[in-house]
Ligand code: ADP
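Next comes just one chain, in structure tokens: the form predicted alone.
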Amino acid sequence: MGEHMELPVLPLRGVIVFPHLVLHLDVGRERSIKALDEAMLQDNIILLVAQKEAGVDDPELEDLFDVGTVATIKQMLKLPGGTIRILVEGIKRARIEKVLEMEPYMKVLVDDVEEEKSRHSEMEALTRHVLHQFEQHIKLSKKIPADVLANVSNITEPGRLADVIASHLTLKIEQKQDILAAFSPKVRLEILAELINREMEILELEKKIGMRVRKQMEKTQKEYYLREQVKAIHKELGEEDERAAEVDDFREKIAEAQLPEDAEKKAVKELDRLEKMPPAAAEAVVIRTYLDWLLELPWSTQTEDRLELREVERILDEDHYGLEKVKERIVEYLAVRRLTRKIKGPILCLIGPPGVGKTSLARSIARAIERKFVRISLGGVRDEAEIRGHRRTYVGALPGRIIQGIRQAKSRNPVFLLDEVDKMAMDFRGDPSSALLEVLDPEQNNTFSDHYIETPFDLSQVMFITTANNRYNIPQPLLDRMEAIYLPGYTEEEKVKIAQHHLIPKQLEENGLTDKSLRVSEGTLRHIVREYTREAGVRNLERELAVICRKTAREVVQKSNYHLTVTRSNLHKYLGPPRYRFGLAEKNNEVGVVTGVAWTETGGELLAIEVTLMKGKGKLILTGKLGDVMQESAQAALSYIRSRVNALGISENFYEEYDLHIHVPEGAIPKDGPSAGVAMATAMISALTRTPVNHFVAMTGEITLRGRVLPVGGVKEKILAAHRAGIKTIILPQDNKKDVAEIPQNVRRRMEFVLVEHMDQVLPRALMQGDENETKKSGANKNSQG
């Protein structure tokens, strides 16, 4: 044990003074200044003890550590503001035994323990180990000056060595206090060895993290520096600097293009390849073209939709007359879009005969909702690569037409028209319609993958519109993905309106005329529609009007102030004699002649069905290029008649005495389908009973052996054809009642629709009823014409 001493205490905040260490301290607390004054009176000796918590202003004994350093005050300087700066030198360790007094300063009784002086080999080894560790620490840390190591190496005493090293290390107060509290040099060195070891591990980690951060930060600087060097080398060698400029240009474009992450990685990777390639390499051209394509696609550019529904409706009506269903669908889409903002673009398929305005309607939709418009024609496309693009390995590879269209639109949400989707073909190069399945599927097309681009492109915002003349030529899986909207042919009224509001103004403008130099009256237009055109659309009507305009233009050039009003009487001068006979309905009631109605791709047609009875052996002769289904319908109609001979008042064994000949005129035109069954049965019954058929009645419907009438298709077109021909009554299957609702009001007013379920309901309306008994006698009608 050492000797006991009574010493004033100077509590230290955040600092520990080791023996043999000289240090400046600033003293400002009142009790501390009084302790200093007392020390100055007693040999300048004071006890320096660290506080456990730096924040305590008036520390008690429990706030201080129990081991401190006895120190000599070497120098004392009063600073402005009442603070005193002192220079102290630590002498030895001392443990506080007890407090003697607290006021006016803290005075304690200390016990200064003598240090062990033994120098055995274990101690020597420990000393060397700590010194070596400290040396490594200095190399790693860079915070401790190098000359410190020289000073430390000269210290031979282990205890003192530990104190000096501890004073230089960046340790927590508690760790330093542990070393101060260790009176045994061996324990002190062991604690120090462990602390330096842990510190070294932390420094190693810091170094690794620092290196990683520095690498990331320096990478761009390094790349920039190296590129500048390469440029300088090229310049010195006198080589062209174009390539470097091109690469820089591409790099800027990539930064500006706002590409998705995948596309950006791909672009940067390809650019790095281009940079390392010799300028003359063939592959360099391929990469340049690829980068151009990648950067010119509108990855993030899109247009804002016009969502004012009234304005959209106005523009659609301005461009097209009628076509209510499509217009309604577009307005519905915009209404939903206005409410949700997240809706995928619809995929519409406009199916209808040529010339009804499918293509121009798509253009009008784009104009109405203020989107870009792109049109590609699929007619005759036979190669899958036309849709999905070629792989880049092929010479002259290009992206598919979809990506080409998007690039052309410069927007990722255009109205995209795929024209003639039913005219695609398929051969050994793949099936383009199957490649379209992904494009036209709203669930998949947000990651459409083109073979050339190789990065998914989002097509979900595109409004796809496809057009077709015939739904049966569209592959079923493709049709299933689209919303089919059928555009039937126009009525005569609609054609006249379209000519007045759209076609005549357009043709006048195209031929350099004004509405003063040429006038076409409404009656004349109706005459052109009836006798010079026969179509569902208005293409031929427009051609006929163009002929009149051209002939007028010639006259205007030759004669100044020339005015022309085209009337029905002078129409033939411009268009020649009428090409078609209007009102194909029969002039008189005939026996065995029924007016049927047929549907063709160009609209509805009237079909006269003639039956004649000849002496023979019950043969059924069918002529007029009838297809298999139509022939079978005739057989079914005959079987029905034979099963109902008594009810119909026909001779029971007629089929043993007579041959029946059914003929459908215009024999060069193939005809098929079951919808003439009712008409053929009526014509046969008329011929067998010698009853004339009402020539103002037309009919359609499939017949069964029991005489039931089944529904048919194309009803709207058939009714319009009947209306054009001047038919007053049309007999339809009961199940086609829903189709009558689609007929324009002005046509419905002028015609009578008779809905039937059985042949028994057809005959009273179709056959001219004379006296009941007279009708039932075979061949006994006053209008009989054999």
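Residue positions are given as counts along the sequence shown, with the first one as 1. If you're wondering where the values come from, they're calculated on a predicted model, not measured in any experiment.
There is another form of this protein, the form predicted in complex with the ligand, and it is not shown here; the text below is about that form.
A residue is said to contact a partner when one of its heavy atoms sits within 4.5 Å of a partner heavy atom; Lys410 fails this definition for the ligand in the predicted complex, lying far away. Using a 4.5 angstroms threshold between heavy atoms, Gly405 stays clear of the ligand in the predicted complex. Contact check for Tyr321: a heavy atom falls within 4.5 Å of the ligand in the predicted complex. At a distance threshold of 4.5 angstroms between non-hydrogen atoms, Glu115 is out of contact with the ligand in the predicted complex. Contact annotation: the ligand lies within 4.5 Å of heavy atoms from the stretch 355-363 in the predicted complex, the single such stretch among 355-363, 264-272, 129-137, 704-712. Exactly one listed residue, out of Arg530, His451, His695, Arg539, brings a non-hydrogen atom to within 4.5 Å of the ligand in the predicted complex: Arg539. Contact annotation: of the candidates His502, Arg481, Arg534, Arg690, the single residue with a non-hydrogen atom within 4.5 angstroms of the ligand in the predicted complex is His502.
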